[in-house]
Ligand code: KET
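Here's a solo chain for you in structure tokens, the form predicted on its own.
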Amino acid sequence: MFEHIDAYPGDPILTLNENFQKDPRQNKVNLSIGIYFDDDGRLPVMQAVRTAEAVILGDPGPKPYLPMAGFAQYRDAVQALVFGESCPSRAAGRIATVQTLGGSGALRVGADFIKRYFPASQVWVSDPTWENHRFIFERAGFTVNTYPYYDEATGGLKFEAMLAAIAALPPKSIVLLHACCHNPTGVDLERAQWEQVIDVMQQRDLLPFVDMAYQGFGAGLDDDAFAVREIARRGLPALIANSFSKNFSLYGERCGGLHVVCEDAASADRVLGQLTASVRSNYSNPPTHGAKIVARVLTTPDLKQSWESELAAMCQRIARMRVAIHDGLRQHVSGEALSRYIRQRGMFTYTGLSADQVERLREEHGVYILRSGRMCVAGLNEQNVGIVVDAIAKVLAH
């Protein structure tokens, strides 16, 4: 019956992470998977999360199914965080929001929704993008194309080429954009560039699908949401996926949201109904525990302030690690090859290392980064950054 089924080659990131776990070397360093680790190399439990969860567990109560759209208090609090409390589109009821299984779940529910109502459209993603973007949209039935993005020569952005490519797309094309902390390159658009992209999207009647998995890890919670809020301010129809895996360190709780900015409240109501139908046919309804934690933190002023402060400290620690690896490599590389470590931002940096150099890093020095050269800077700390700098220097020298 199943002899014709191909073997799944595995996810390259998760497979590399599994290989790291099997590596017996003591000084091995895992900079492959996109997870934030603290200075001691541990997955943190944020104090606001710990406090909120203790209250929830202190009064467990019954555990009924959530509505298909999710926990109402969570949905409202998440929408306010993503778009801002005073967002006019939010006040006018023009944003349809559902709770999802992390950011990946938001992408898939959104992909299923737009495939049903825009069946002739194709999807364009940045070159490169997170590997799962292509996988999710192809599995939803889309043809997936790329637009220019990363400049290997400079470690920066091919903005003019990107803008020209988007301007040439057919109307109703879906353009996947990274709101901040671009995965895998760490290269983001500036505000003026975002405004030009949004201008073109409006003029060409395109549908933006913005993935915001790292809000708070770039320039701050509000600044990181600039593109999303500017799209909503202009009334441009759009889909936005957000995740709390990283900025709440709630990876296994699968907390996310899908938001659709609509032309009016009546459209938002119809869209919300169809999003819930997509949820129903997929996983029926979302889980409760993580959503209650996030909702309690975001709606309790002292907990929210604690979370924001700790998130800012996490962002600052990543910035320090960028400076540390930049300064450590100063004697070995220069120019764009060096400055990219501090110009790029967020959890990831494209190192510019070749696939052969990446393999040597792993085999000879026990330093794990992706074959593309993507490094998770959030995996660096005071104890291992010297090891990584020394390994990169040796690989570059031979």
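Quantities reported herein were computed from a predicted structural model and do not represent experimental measurements. One rule holds for the numbers: they count along the sequence shown, beginning at 1.
Form predicted together with this ligand: not shown, discussed below.
query: Any chance residue 70 has a heavy atom within 4.5 Å of this ligand in the predicted complex?
result: No.
query: Does residue 33 reach this ligand in the predicted complex if we count a contact as any heavy atom within 4.5 Å?
result: Close contact exists here: in the predicted complex, residue 33 approaches this ligand to within 4.5 Å, heavy atoms only.
field: residue 348: touches this ligand in the predicted complex, heavy atom cutoff 4.5 angstroms
entry: Looking in the predicted complex, residue contacts with this ligand include residue 348, since a heavy atom lies within 4.5 Å.
message: Within 4.5 Å, heavy atoms only: does residue 243 come near this ligand in the predicted complex?
response: Yes, residue 243 lies within 4.5 Å of this ligand in the predicted complex.
message: For a quick test of understanding: in the predicted complex, does each of 14, 133 and 214 have a heavy atom within 4.5 Å of this ligand?
response: Every residue of the spot touches this ligand in the predicted complex.
Segment that reaches this ligand in the predicted complex - one of 220-228, 160-168, 206-214, 266-274, heavy atoms within 4.5 Å: Within 4.5 Å of the partner lies stretch 206-214.
message: Just to confirm, with a 4.5 Å cut-off on non-hydrogen atoms, which of 104, 121, 306, 249 contacts this ligand in the predicted complex?
response: In short, 104.
message: Using a 4.5 Å heavy atom cut-off, which residue among 183, 97, 89, 126 comes into contact with this ligand in the predicted complex?
response: Partner contact (heavy atom, 4.5 Å) among the options: 183.
field: Partner contacts in the predicted complex for 249-273 (non-hydrogen atom within 4.5 angstroms of this ligand)
entry: If the 4.5 Å heavy-atom criterion is applied to this ligand in the predicted complex, 249-273 yields only 254.
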